[in-house]
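What follows is a single chain, given as structure tokens, in the form predicted on its own.
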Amino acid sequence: MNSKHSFIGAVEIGTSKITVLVGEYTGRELAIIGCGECQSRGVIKGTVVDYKAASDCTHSALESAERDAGERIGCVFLAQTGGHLEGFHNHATVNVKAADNMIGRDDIDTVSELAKTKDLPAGRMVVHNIRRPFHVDGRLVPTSPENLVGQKLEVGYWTVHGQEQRLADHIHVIRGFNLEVRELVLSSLASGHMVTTPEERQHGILAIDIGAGTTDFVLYRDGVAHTTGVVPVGGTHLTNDLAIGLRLTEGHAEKLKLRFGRAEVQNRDRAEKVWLDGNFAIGDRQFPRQAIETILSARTWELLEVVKKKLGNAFAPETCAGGVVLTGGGAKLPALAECASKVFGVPAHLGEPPAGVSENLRDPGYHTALGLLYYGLSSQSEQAAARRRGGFLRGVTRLFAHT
């Protein structure tokens, strides 16, 4: 950040709600000073489908956050999710140039650019180039290899890309509020950064963020994001399954899910029933408790199995000592950790933000927005270097040209 004192925003345009946080950054520390929320409209599975509706509710949340903070936001970090986001690994190797085999800055820049250089299909744009650790003559180097001695320098990048127009739609929503989008950040990287520690990321951990319309995940190895992905299924799909299975409205199904839902079947008594409202008023109805648990546990298990399948060979219990950490609004479903532990074969737990985060923001539903600020600021030096090389700015400028 160029300013020694600035007000930055984190914006998550979700399927169920829009969340905006305002952070005051002094150059040394970050304080959350404002929060704004609005029920989401015009957004399905992380994609803007009605620009005016999405803009109206996003701008309402931005205005609310600025009123709460008493300050005007200077720029924002904007979360990205959706089934259009995809990732791939690209690897490069170079021979060290120097006669004494000492690795220089040129060697590092050359191998990095080679590993990031891969043509994308028309209409696609890079969102993140995530560098994996360097290797010198096959030996892993957790930090910079500069000034080490070796003959071959290797590096790989996990590149995430998305549909240019869908990314543009999100940027234009923010731009309509006369705000600069400082960076696009994957939702999984934001929430994962918030609920994992550097030690866990070093030893391997899988973070799964279950939202209303999508489930985002990031697998960490050797301290960095190794693989990311998005499944276009979330909490609303569990609600929909319940509505279909029990033949009731989605509103009533959501109520039953929140009151009696579980990710694993606990009740074995087919005869036990629960009341929808419990007030015995006209319209109050009874439903089999076992049926509620059976429907939700089946879809939850299926969702986690899809995440595991998408990870493929990237995931292995022996390289994931930190286990699985769950976050997002959908992660509050009881027994979800037990279900995840069985699916992945490693310990699982509900994620918690670091100490110091105020109590009203500790709910898993805020982890992505919180992570946007902390992840974005922690990676500013690397991102600033990328912008100086023109990579990100070229992409954003191209997106703005569509307006």
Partner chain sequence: MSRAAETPPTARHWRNIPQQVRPRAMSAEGRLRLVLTALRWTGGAVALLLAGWGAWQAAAVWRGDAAALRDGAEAPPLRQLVLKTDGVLDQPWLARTLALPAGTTLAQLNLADLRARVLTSGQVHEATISRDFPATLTVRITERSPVARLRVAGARGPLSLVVASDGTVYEGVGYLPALLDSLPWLDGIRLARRGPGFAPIAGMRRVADLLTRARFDAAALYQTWQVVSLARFASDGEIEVRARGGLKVTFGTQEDFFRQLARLDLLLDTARARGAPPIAAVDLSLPRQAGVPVTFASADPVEAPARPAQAALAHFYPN
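Residue numbers count along the first chain shown, from 1. For clarity, every value in this text was computed on a predicted model and none was experimentally measured.
The same protein also has a form predicted together with its partner chain, omitted here; what follows describes it.
Enquirer: Check E37 for me: does it contact its partner chain in the predicted complex (non-hydrogen atoms, 4.5 angstroms)?
Expert: The answer is no: E37 has no heavy atom within 4.5 Å of its partner chain.
Enquirer: Taking heavy atoms and a 4.5 Å cut-off, does D68 contact its partner chain in the predicted complex?
Expert: It does not: once its partner chain is placed as it appears in the predicted complex, D68 has no heavy atom within 4.5 Å of it.
Enquirer: Test of understanding: in the predicted complex, would L120 fall inside 4.5 Å of its partner chain by heavy atoms?
Expert: Output for L120 is yes: heavy atoms within 4.5 Å of its partner chain.
Enquirer: Just to confirm, R362 within 4.5 Å of its partner chain in the predicted complex by heavy atoms?
Expert: Answer no; every heavy atom of R362 is more than 4.5 Å from its partner chain in the predicted complex.
Enquirer: Partner absent here, but in the predicted complex, which of 226 to 234, 197 to 205, 301 to 309, 159 to 167 has residues with a heavy atom within 4.5 Å of its partner chain?
Expert: Going through the listed ranges, the match is 159 to 167.
Enquirer: Considering its partner chain in the predicted complex, which of A190, V218, I103, I73 comes within 4.5 Å of it through any heavy atom?
Expert: For this set of options, the contacting one is I73.
Enquirer: Since exactly one of N178, Q286, T249, N147 fits, which has a heavy atom within 4.5 Å of its partner chain in the predicted complex?
Expert: By the 4.5 Å criterion, the partner-contacting residue is N178.
Enquirer: Taking heavy atoms and a 4.5 Å limit, what residues of 21 to 48 are near its partner chain in the predicted complex?
Expert: Counting only heavy atoms within 4.5 Å of its partner chain in the predicted complex, no residue of 21 to 48 makes contact.
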